[in-house]
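Below, in C-alpha cells: the form predicted alone, a single chain.
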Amino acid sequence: MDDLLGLVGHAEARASLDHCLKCTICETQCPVAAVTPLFPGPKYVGPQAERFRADGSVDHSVDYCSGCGTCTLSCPQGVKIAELNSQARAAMKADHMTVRDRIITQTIAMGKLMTPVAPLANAALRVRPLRVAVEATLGIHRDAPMPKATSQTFMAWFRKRPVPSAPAPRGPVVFFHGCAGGYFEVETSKMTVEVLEHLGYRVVVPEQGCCGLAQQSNGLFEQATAAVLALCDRLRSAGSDLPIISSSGSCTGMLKHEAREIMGVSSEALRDVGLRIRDTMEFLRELHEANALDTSFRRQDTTVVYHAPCQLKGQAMGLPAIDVLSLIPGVTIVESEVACCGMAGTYGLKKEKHAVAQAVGEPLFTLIRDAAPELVLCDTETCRWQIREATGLPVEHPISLVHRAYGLSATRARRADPGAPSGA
C-alpha cells in the first residue's frame, strides 16, 4: 500500500500518525460513529489501524467514513485522520471499484445527458418503479436526493445574458461554476455573476471541467488528479493574477487543500489556483473588511436557518456567509451548529449508506423543522439537495439573499415582465 499511496501524499499524512494520543476526541465528534456500529470510529480506522497496514490490508469498515473531516478539525494534535481514511479507502478500492462508484463521479456527463431532456429526466426520477430498479441494479438508493436538471446550462445563459453597458471599474474576476453550478444549481451561478457585476467587476468564465472531488471521494485518485490539474490549467488561462470566485463550496475546498492534502498533488498550477480562489461569501467578506463592499442592502424581513457544510469548515475561513448576511437589515439568522447534513457528496446516494446519511442529518432536519424558517441557506450543492429532500423547504446558496437585498431579483423580474412591481 505504501508504494501506491506514496504517489498520492500518503507519507505527509502518515507523518502525523504518531502525534495521536488516543484521547478519543475525534471519536466523540464523529457524526457517523454516533449513529451506526458499522463504522468503528475515526481513531480506530485512522491512526490506530494505519500502523498495521504495511502489507496493504485495509479493513472495509473504513468505507463507512463519510470524509466529512470533522475528526481532523477536532484533533488537538493535528493528526490527519480524515486524510488517512481517504487514502486507505483508495487503496482498498484499487481492486474492488464498483460500476456504481464510477458512474456517480461523472457529473459533467450526467449534466450533458439530462439538460436536453430536463423535464423528462426530472419526471423519470420521480417514477418509483424506475428508482427501485436503479437501486437493484446500480446500488443508488431509491430515496436518495438527486439533482434537478435544468433546460439551460449556466454557460448558455452566460453567453446570452444582457451584458452591463457601463464599464467595470474594478476590473475582471474569474468565475468558477463547478459541475453542479454549470448544469443543476444554475440559478446560484447566475446570481453570483449578477452580484459580482453589480459590484463593478467584469466576470470572465473560461472553459472549465470537473475538479475531481467526486472521483477523489470514491477512491479514483488517478482520474481525480488528472481532472484537477486540467481544471487548474483552464482557470489560469483567463489570467495569471486575477481573483477566482466560486459559489461551489466543495469544489473550492478541493482546489484549496483536498487535492494536495488527500491526494498529494504537488503542482505549481494547483498552488497558484489554490491561493487565488475564494468562496463567494468569503470574497464578499474580504471586500467588507476592506471597506469596499456596497452595503446599501434593501431590508429583508425574513428568518433563515444557515448550515455551514463540512467542506467549508475544512477551509478554516470561519462563517463568512453569516458575517455578510448580518449586514442585511431585517434578516434573522439561525445557525444550525450541526456537524454534518449526512450527504457528504456521493455518500448519501449509496444504497448501503443512505440510512446512515439520514441518521447523521436528522439533528439538522429536526432543528430546521422546529425553526420553521422561510428559507434554508447552505454553501454546497449536494448538502442543499439533502436538506431539500428531507425538509421539503426551499434551500438556497447564501448569495440568493444578497442578490435579493441588492434588488437584483426585482431587476431580473422586470426584464422578464416589464409590468412587474419594482419592489424587492
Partner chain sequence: MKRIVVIGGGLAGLVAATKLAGGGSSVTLVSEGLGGLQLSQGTIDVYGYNPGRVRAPMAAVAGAPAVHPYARIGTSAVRDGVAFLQDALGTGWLVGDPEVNLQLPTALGVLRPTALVPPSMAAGQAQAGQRWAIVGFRQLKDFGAELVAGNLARAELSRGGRIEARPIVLDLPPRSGESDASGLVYARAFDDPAFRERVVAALRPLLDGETAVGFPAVLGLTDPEAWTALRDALGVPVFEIPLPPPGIPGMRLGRRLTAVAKQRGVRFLAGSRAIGHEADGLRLTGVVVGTAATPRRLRADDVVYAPGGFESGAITVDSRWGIRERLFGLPLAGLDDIDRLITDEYWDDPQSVFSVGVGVDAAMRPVRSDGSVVYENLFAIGGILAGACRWREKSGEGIALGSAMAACRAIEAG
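These numbers were taken from a predicted model, which means no experiment stands behind them. Numbering follows the first chain given and starts at 1.
Here the subject shifts to the form predicted together with its partner chain, a form of this protein not shown in this document.
Proximity of Q77 to its partner chain in the model of the complex: non-hydrogen atoms within 4.5 Å are present.
In the model of the complex, its partner chain stays beyond 4.5 Å of every heavy atom belonging to L17. Although the partner is absent here, A11 sits far enough away that none of its heavy atoms falls within 4.5 Å of its partner chain in the model of the complex. For the chain shown alone, E362 is not a contact residue for its partner chain in the model of the complex, no non-hydrogen atom being within 4.5 angstroms. Taking a 4.5 Å heavy atom cutoff to its partner chain in the model of the complex, the contact residue among L367, A33, V395, A390 is A33. A heavy atom within 4.5 Å of its partner chain in the model of the complex is found for exactly one of K350, R285, R89, R236: R285. In plain terms, the part of the chain that comes close to its partner chain in the model of the complex, with a heavy atom within 4.5 Å, is 275-283 out of 225-233, 203-211, 120-128, 275-283. Contact with its partner chain in the model of the complex, defined as a heavy atom within 4.5 Å, is made by all three of I25, R260 and A316.
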